[in-house]
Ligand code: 2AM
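Coming up is one lone chain in structure tokens, specifically the form predicted on its own.
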């Protein structure tokens, strides 16, 4: 079976399981504190996806949120899995969460898929093949003015309330933008940007499994992505993320023209 078909089948199976799963209070655990949660379903879905990938492609590497790979150079074929991106939303809302699967080879993207589970909307892209939501082509917005843009960030607290080197810039940007919205899922918010439903995205903390599928979709939709400092986004490290509907908007942000 070819990798993209395997990923598509797997992510749809994962979504179907999550829509039907019960979630009891005793199945929710803290990772580090009360704002960093995990459920048995995070682990179960990742294990399911891992088993299917390694059954057909035993020499591929798999990097997931619940079972990270050993640190090392991203060479060969690597899969990045987030079994539930937006675990808090999954627990509290049972909506606005996603399954995310990205596949790369020697730091070159092959494809990315992000399933908005409760809406049953599959965002996907193959390198060089455009970006899609189910069967509809996606393209970023044409917004060119900071005062007109909708800014997305997955966590209001860490972006605007906690101290970090970019905090004053983030506050100034929020005041200059038309509005700020927070969905609570890196993957889904990057897909909103790809669909033209937001114009810029920022986060002070993101892991490879959070963004390595959605970034493929965003770039195929005409957007661009980097760190908050304007550096190329590393493939295998936790990082800040800034994403834009155009290189012109990226340039305005990096020059502080807002």
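Positions refer to the first chain, counted from 1. Here the structure is a predicted model, which means the values were calculated and not measured.
The next section is about a form of this same protein that is not shown, the form predicted together with this ligand.
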(message) Going by heavy atom distances of 4.5 angstroms or less, which of 84, 117, 125, 152 would be at the interface with this ligand in the model of the complex?
(response) 84
(message) Counting any non-hydrogen atom inside 4.5 Å, which residue from 195, 53, 63, 207 sits next to this ligand in the model of the complex?
(response) 207
(message) My question is simply whether residue 185 lines the interface with this ligand in the model of the complex - judged by any non-hydrogen atom within 4.5 Å.
(response) yes
(request) Look at the stretches 105-113, 163-171, 134-142, 84-92 and give the one with heavy atoms within 4.5 Å of this ligand in the model of the complex. (result) 84-92
